[in-house]
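A single chain, nothing else alongside it, follows as structure tokens in the form predicted on its own.
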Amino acid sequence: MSKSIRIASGQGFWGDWLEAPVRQVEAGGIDFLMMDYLAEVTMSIMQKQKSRNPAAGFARDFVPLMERILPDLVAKGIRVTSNAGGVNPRGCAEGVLAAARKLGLAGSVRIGLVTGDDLMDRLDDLIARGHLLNDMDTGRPVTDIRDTILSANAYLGMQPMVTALDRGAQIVVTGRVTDTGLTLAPMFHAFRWQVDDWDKVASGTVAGHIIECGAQASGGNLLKDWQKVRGLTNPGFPIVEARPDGTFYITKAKGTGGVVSVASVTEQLVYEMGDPTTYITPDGVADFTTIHLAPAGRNRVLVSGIKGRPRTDQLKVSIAYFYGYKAVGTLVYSWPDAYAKAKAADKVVRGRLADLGLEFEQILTEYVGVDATHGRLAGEPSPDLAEVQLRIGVRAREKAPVERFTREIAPLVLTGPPSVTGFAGGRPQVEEIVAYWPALIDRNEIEPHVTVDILEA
């Protein structure tokens, strides 16, 4: 059993800072690199990409990243857990293997592949056998949207990744596993914890939650004393230094910017938090009210005391479905009377849409610089505002009215209030709306599959 392990966050979402994982590996002193790419909307985007191109459907920047750092990973023995596979984990794993071949490292890199989360091909069978996959918010059965579903993925936990690591995988590529599982799996692999040691499960879950959003735990997006945060041109992404007893430290690489403090860790802990006593994952339930944080030196926080409870008998399913169309148009009005001009322009647009007889589910207007962030709490703006951005969005089930709306913004330049700018981007683009449908399913219906080295070098 290892005395301690260091798990570094290298990516908090698809599109995060590309240099972060490179610098974590270059700095050395880590055992695992955790790469989190997925969110609910990400899965639907990837599914749409795969529908157009069967070879797509995963985080494409993961493969060139692996090509860039593979030599260092091999030399330093650093192992990777990542859900970059999206809805096409095999394609992602094959891309990494191709990169290894290109570098002459195919024989030195064992790739673990985790599948089984994708339910698209099983939906009709599941429904026929009585799994209604009711919307957790409304109670509606999934049959109401069956013909418009774009993706359906169960949230897998740590266990298939632990299996892949136990079989010697250096890089583990998955589809939809929980963000926390990417950190929890290395801990269970290294420390040989029992899967029903619920306090250990909770501890690893909290560790994973703290680093799953990258630098948000180490000074990025920090509210408390944000003016004092230095060096964000080279932010140090967080590192978990875990110990066999379930306690762990949060820190970052020396010489990097940002800050690891009780405040930075606390702010990340409450991110996406519902009932703090019942943080549910596929692996177990963590009680966040039992977490104890203590400063343990510069950029170092000790986390301890975490209690957990047994896992539930269900898994969450994330379903994305096509809902309709939207478009958003913007114009900027300048002083004097910037706010009054923007309000007048909004009235003009709404009047023209009404005259055309167009029907929308919603027309939403925001005045950026006035109330777009705080709404009514912002109060009345100063009449001396230098500029206000008018932002109007529409939503409809049909495409035609949204398309017509996109033609009503630019004419305001010459047929509306004066002092307008910010229209150089042309007409707004019509976008498809992807809606989210959360559901639950009996965990016995989900069978993860783990393969290591099935892809021949």
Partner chain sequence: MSKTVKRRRAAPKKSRAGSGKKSRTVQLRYLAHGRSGDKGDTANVGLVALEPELYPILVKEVTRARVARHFKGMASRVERFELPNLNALNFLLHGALDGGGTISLKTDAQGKVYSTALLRMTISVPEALGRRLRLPRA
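Residue numbers count along the first chain shown, from 1. Remember, predicted model here, so these are calculated numbers, not experimental data.
What comes next is about the form predicted in complex with the partner chain, which does not appear here.
Item to check | Residue stretch of 337-345, 239-247, 367-375, 188-196 approaching the partner chain in the predicted complex, non-hydrogen atom distance within 4.5 Å | outcome: Residues of 367-375 come within 4.5 Å of the partner.
Next on the checklist: Test of understanding: in the predicted complex, would I446 fall inside 4.5 Å of the partner chain by heavy atoms?
Outcome noted: Output for I446 is no: heavy atoms all beyond 4.5 Å of the partner chain.
Next on the checklist: Using a 4.5 angstroms cut-off on non-hydrogen atoms, would S108 count as touching the partner chain in the predicted complex?
Outcome noted: No, S108 is distant from the partner.
Next on the checklist: If we define contact as a non-hydrogen atom of the residue within 4.5 angstroms of the partner, is E267 a contact of the partner chain in the predicted complex?
Outcome noted: It does: once the partner chain is placed as it appears in the predicted complex, E267 has a heavy atom within 4.5 Å of it.
Next on the checklist: Can you work out whether V394 and the partner chain are in contact in the predicted complex, taking contact to mean some heavy atom pair no more than 4.5 Å apart?
Outcome noted: Residue-level check for V394: yes, a contact with the partner chain.
Next on the checklist: Each of N53, G104 and N153 having a non-hydrogen atom within 4.5 Å of the partner chain in the predicted complex: is that the case here?
Outcome noted: Negative, none of the three is within 4.5 Å.
Checklist entry - Among D147, D313, D275, D124, which has at least one heavy atom within 4.5 Å of the partner chain in the predicted complex? => result Spelling it out, the residue with a heavy atom inside the cut-off is D275.
Checklist entry - the partner chain isn't shown here, but in the predicted complex which of I291, V142, A253, I78 has a heavy atom within 4.5 Å of it? => result Answer to the contact question: I291.
Checklist entry - Mind listing which residues of 199-232 have a heavy atom within 4.5 Å of the partner chain in the predicted complex? => result Result: Q216, G220, N221, L222, L223, K224.
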